[in-house]
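Next up: a single chain in structure tokens, the form predicted on its own.
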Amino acid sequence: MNHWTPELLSPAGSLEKLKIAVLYGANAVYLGGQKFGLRQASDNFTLEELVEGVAFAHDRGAKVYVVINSFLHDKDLEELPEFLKFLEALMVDALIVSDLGVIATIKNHCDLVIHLSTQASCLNIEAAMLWKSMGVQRIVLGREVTIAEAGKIKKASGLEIEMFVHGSMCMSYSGNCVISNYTQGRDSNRGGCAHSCRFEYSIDFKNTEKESLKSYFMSSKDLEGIRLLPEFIDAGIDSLKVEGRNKSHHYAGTISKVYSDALNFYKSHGHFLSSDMLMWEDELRKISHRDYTTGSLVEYADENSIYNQREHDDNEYTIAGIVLESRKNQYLLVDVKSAFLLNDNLEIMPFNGKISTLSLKFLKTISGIDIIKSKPGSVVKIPYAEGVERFNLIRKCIKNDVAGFV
């Protein structure tokens, strides 16, 4: 018996990350083109990459949602209809939109499904009903809403509901932050967020006996909802969204695999009473992250959700490479992302099943010359391993690099 589970929606910051997310279990991906979106620091997709990416996802049963969630000016809206016609011809599955003018433009020029972006800050039943009357079919709720509240909004509105389950969080109400506009002159609602909330600030308690202090009081911990999956399912939340279009291949693959494995376990068993839960949580700590919190998913976030530390990368693992070809009983052809050495022990992340270890008994250039160390951006041959497939991620532990091994 298969039990119902929500859609797993993963970030696709590039064509390669799209393929990785889909192959590691995402039911859908969201991405942006070269214009009209908020994550301008992402690689984003050219028109040619959109064609390839949508075909790749659809061929494997995954959906593609395109973000048009920037707040547009009239000059932007003049260019939008041509892009909409292109996306409609590709048969993308939905557009993620935050601006009323954009919604009107979409309805006037195509028949694509409209999802309301979290940027629109929809937090209650009446707002959801209003957006529904305007043609929206799914609401991406603000992170300020609890799972219980989301369930009530779904029941009352009849709309599909999407919630964030993992990733970075903003200290502001969704879609209402203008800090980077003030500090950097960069519009956070038009793709220019400078992440000013992550900076250290001096706080001066005037007219009090308190001494001034320095603090990261506006920086939030990262969201982690792996143990709350039963609550999402009970509330009937349609889609679980992972933040992170700017993040790494390792992040895209690990997040998709962990949450997909967990949801598939529930689909088969109807519960999460598995010893794998500890393993899933351990995997989520191997990707780059701040301290984790459940945010406002159960109770409203408070001072315990503040990440009062300088931004730093204490990640123990990084991607060594991506498998380009598996030549049976001979070698694996690997696109090197970070350097590794002969005799290193690497970990291979399969699309399904447990992670395995591979010892580099040889390391060769693509032309077969023996080398001691690989170079990022190169293609190398390493020992063959049974079951390894194209686009499998190969990672290494960097915690002990100083000691001369990984």
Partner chain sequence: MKLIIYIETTKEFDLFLNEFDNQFECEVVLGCIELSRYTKTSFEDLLILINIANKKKIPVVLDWDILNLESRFKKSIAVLEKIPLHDFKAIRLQDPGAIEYIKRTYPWLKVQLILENGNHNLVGLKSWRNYLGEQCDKLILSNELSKDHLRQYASSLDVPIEIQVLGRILLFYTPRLLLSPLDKKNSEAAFLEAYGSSEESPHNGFPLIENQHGTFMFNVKDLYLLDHLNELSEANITNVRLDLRFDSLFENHVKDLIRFFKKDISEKELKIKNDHIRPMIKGFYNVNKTDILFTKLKNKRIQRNDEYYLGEVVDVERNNQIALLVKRDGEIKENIKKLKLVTPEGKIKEIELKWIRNSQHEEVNSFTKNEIILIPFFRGVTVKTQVYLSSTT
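In this text, rigid core is short for the largest set of C-alphas that superpose within 1.5 Å between two forms. This is a predicted model, so every value here is computed, not measured. Residue numbers count along the first chain shown, from 1.
Another form exists, predicted in complex with the partner chain; not displayed. Remarks below refer to it.
Proximity to the partner chain in the predicted complex, taken as heavy atoms within 4.5 Å, picks out 128-136 from the listed stretches 230-238, 82-90, 268-276, 128-136. Of the listed positions (Glu243, Asp99, Glu160, Glu283), a single one reaches within 4.5 angstroms of the partner chain by any non-hydrogen atom in the predicted complex, namely Asp99. This chain lacks the partner; the member of Leu297, Met169, Ile287, Leu112 within 4.5 angstroms of the partner chain in the predicted complex by a non-hydrogen atom is Met169.
Using a 4.5 angstroms limit between non-hydrogen atoms, Lys381 touches the partner chain in the predicted complex.
Residue contact check for Glu325: one or more of its heavy atoms lie within 4.5 Å of the partner chain in the predicted complex. Interface membership of Gly61, defined by any non-hydrogen atom within 4.5 Å of the partner chain in the predicted complex, is ruled out. Looking at Ile394, you'd find every heavy atom of it more than 4.5 angstroms from the partner chain in the predicted complex.
Contact here is defined as any heavy atom lying within 4.5 Å of the partner chain in the predicted complex, and by that definition each of His73, Leu123 and Phe217 is a contact residue. Core-superposed comparison between the shown form and the other one: the Cα of Asn207 travels 2 Å or more.
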